[in-house]
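Here we start with a single chain on its own, the form predicted on its own, put down as structure tokens.
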Amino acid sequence: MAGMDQDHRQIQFFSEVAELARAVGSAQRLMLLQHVAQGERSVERLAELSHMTIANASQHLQQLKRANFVQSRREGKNVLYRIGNGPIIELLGALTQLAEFNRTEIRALVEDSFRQQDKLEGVSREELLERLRDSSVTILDVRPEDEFASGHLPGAVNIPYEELEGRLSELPRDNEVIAYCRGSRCILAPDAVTVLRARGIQARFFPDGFPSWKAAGLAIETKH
């Protein structure tokens, strides 16, 4: 009987795991989760970023909410979504890594996109924390302005990547620049480092990006 009870508990547990897997078993919902992981956003903005209708995005978000992948709150007439509790960002990263491992064509695409990144030196979280403490570095956030406003590393300067070439004069020349973006799958930061180094600016990048920094419980700032 004890063995049967244990089997039943295992089946129940893995049934719950399967329900969670079904909740993210959609390219649209995974895209929405990636965008929500960058910071709290309205349904309208998430729909725009994911190239969906508002109704379609709302439906997918409701399914994610039922599985606790996202949380929501109402602000006036707007419904705002934020990432849920738990290792959701880590799950997204693991799924991406597994897809790259299993699919030769995806792996080839990633290798091509990150060929330049492999030649660049990244900064660890520990080193970045130390450099922040002694104020010996300029932190450059190259994400879009709305993502920066939702949350960013302490003291970071926001210059979206597409504006970087025209705004290089805003960066101090006496500090090393550390660029970051959305995480290890985002090529904006390493591309920014390439641009900066070509202009004679000492630069490296922080490969973990903002979502992992926030998930680690480290201090962040918001722009109101």
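In this text, residue numbers run from 1 along the sequence as written. Please read these numbers as outputs of a predicted model, since none were measured by experiment.
As for the form predicted in complex with the DNA, it is not shown, yet the points below apply to it.
Enquirer: Check each of N175, S50, S42, T194 and return the one that places a heavy atom within 4.5 angstroms of the DNA in the model of the complex.
Expert: Of the candidates N175, S50, S42, T194, S42 is the one lying within 4.5 Å of the DNA in the model of the complex.
Enquirer: Classify A198 as contacting or not contacting the DNA in the model of the complex by the rule of any non-hydrogen atom within 4.5 angstroms, answering yes or no.
Expert: Close contact is absent here: in the model of the complex, A198 is far from the DNA, nothing within 4.5 Å, heavy atoms only.
Enquirer: I'd like to check something about S135: if you look in the model of the complex, is any of its heavy atoms closer than or equal to 4.5 Å to a heavy atom of the DNA?
Expert: It does not: once the DNA is placed as it appears in the model of the complex, S135 has no heavy atom within 4.5 Å of it.
Enquirer: Under a 4.5 Å heavy atom criterion, is Q28 part of the interface with the DNA in the model of the complex?
Expert: Because a heavy atom of Q28 falls inside 4.5 Å of the DNA in the model of the complex, the answer is yes.
Enquirer: I'd like to know whether F148 contacts the DNA in the model of the complex, with contact meaning heavy atoms within 4.5 angstroms.
Expert: Flag for F148 set to no.
Enquirer: Counting any heavy atom within 4.5 Å as contact, can you tell me which stretch out of 123-131, 93-101, 148-156, 78-86 lines the DNA in the model of the complex?
Expert: Stretch 78-86 is the one.
Enquirer: For the heavy atom contacts within 4.5 Å of the DNA in the model of the complex, list the residues of 47-65 involved, in sequence order.
Expert: Contacting residues: T53, I54, A55, N56, S58, Q59, H60, Q62, Q63.
Enquirer: Do E147 and A21 move together or apart in the model of the complex, judged by C-alpha distance changing 3 Å or more?
Expert: Closer together, by at least 3 Å.
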